[in-house]
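Below are two forms of the same protein chain, given as structure tokens: structure 1, then structure 2.
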Structure 1
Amino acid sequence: MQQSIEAVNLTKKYGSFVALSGLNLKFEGAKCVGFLGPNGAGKTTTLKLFTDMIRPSAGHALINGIDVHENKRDALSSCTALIETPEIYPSLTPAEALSMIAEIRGVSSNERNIRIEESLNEVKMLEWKDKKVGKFSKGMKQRVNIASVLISDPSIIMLDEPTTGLDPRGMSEVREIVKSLKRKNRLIFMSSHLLNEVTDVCDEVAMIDHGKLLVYDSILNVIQKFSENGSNIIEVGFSRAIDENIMEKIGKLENVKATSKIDETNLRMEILGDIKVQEALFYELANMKIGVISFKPSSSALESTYLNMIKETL
């Protein structure tokens, strides 16, 4: 059975204030789903409901088909979460902190040291295993926090704005770690209010505002579905400088409406068509052997789509 996360009419009220309103959402399989919304939209509330940190006013939060509130142990047995930004005791080393967490999560004493080393290696912190956390930068601390959710080798991981408060380097490091987590058959549910982060890391996006779901789909489909002219903006990265000959060849491809350079090794394409057209276009570009190394939706296109949708809920 594929790992899954599902909200069924999930609602949370605080008196007359509705933090989450009748959320119906399901995703399954191995991928990263971005949970996108402005501050106060209901993202953290949703994650807390899925971990039973708070109780729903109505509806159900299901992990692998099991109601989290009714059967927390079984529902969360294959799931871990990093909610908000927990602090690690500064006098502890990563190895000591993770040993405590491994014991709490039931990792056997025989496997504990192996899991600690594997988790720290996955977040590129193994060489700091025996250094005191109090001397770490924010980015390093967050990498240890992410290692803590890997201790029990979960198939489902929930992350609540994991790059908040980090400098650009720290943000980049954490995003690369999240990308690497996707390669190990895991379902990742990551909340964020940063559009470029969701575009860079996630496969699909669920947009939320004022506690209500606006849309859930692949990023490419969301951009196309809610764009004004049915087009998609794609950013293509190259391993070498783009010359005019390459620009001309790409401009002549079917369904390419316009092209423009972002910088020496990146260009922006406006294309017409659904996900199948985009797949065919990517295949054509790869076969041209012109050094294509990336193909992704433009963060500016997602931003435009998102802002248009947010205006409708005001």
Structure 2
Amino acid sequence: MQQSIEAVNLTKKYGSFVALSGLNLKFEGAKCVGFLGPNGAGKTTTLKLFTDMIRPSAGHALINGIDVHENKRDALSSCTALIETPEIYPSLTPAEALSMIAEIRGVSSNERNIRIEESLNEVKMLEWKDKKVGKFSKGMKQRVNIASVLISDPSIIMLDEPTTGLDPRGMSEVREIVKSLKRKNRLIFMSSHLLNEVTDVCDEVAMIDHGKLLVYDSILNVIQKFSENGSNIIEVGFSRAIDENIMEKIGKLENVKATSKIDETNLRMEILGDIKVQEALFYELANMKIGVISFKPSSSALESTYLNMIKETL
């Protein structure tokens, strides 16, 4: 069975204020879905509904088809979540705190210690394993929190701004963790304000504002559909310095509107067309044997799309 996350008419009201309004959304399989929206849009509210931390006013939050509010034990059995920044009992050590989660989740006792070490190692906190959490810095605590969602080897992971409070290296480590989870065929749902982070690790994005879903699609399609003139910005990376010759050749390709250099080895390419066009372009670039090593939508493109969309709903 494919792992899945599904919101059916999911609604949350606080008195007369609607924090989340009839959200319908479903993703399944192995991928990372970014969850975007301005402050107060309803991202955390959505994720809390998916972990039964709050009750829906209407609708259902389903994980693997099981309603979280009706059957939390089954729904969350292979799904972990990190929402906002939980605190760990200050007098416990990371090893103890993780051991508690592992026990609650039924990680077998002979596996527990290995899993604890592995997940602490992933977040670079192994040397702090037996120190009390109370004295940790904010970022160190968040690293332990991240370890806690890895401990039981879940198939679905929900993260609410996971890199909050982390240093730049910590952020990039978390990105690597998310990428490696994707390689292990996990389904990841991650809210974030960092659009470069989302462009880097996510395949698809869902954008919400004022509790309403604006769009859910692949990053490339979102950028293309909502960019101002229907064009799409792609960043192409090369293994060697780009010469004028190559620039010219690329500029002449079909559907390429404009090109510009970002730096010695990176090129920005404005293109017209959908995902099929992009596929064809990528194929052509690779065939030109000019040292292309990466091809991805530009994070600044996602940013301008994002800003456009949010503006529209104001």
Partner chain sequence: MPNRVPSSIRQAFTVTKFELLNYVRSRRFIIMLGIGIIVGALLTLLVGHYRPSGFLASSIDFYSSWWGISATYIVILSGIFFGGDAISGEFQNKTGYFIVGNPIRRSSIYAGKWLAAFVASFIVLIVFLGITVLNNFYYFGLNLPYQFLESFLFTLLYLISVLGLTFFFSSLFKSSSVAILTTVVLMLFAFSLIQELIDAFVHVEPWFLITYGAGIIGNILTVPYPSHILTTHFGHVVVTSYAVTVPEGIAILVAYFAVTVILGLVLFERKEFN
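Between two forms, the rigid core is the largest collection of C-alphas that superpose within 1.5 Å. Everything quoted here is computed from the prediction, not taken from an experiment. Residue 1 is the first residue of structure 1, and the numbers go on in sequence order from there.
Working note: structure 1 is the copy from the form predicted on its own; the remaining copy is not.
Domain rotation between the two structures: smaller rigid part turned by 18 degrees relative to the larger, from C-alpha superpositions.
Here the rigid core is superposed, and W128 then shows its C-alpha moved by 6.1 angstrom between the two structures. The Cα position of A95 changes by 3.9 Å between the two structures once both are aligned on the rigid core.
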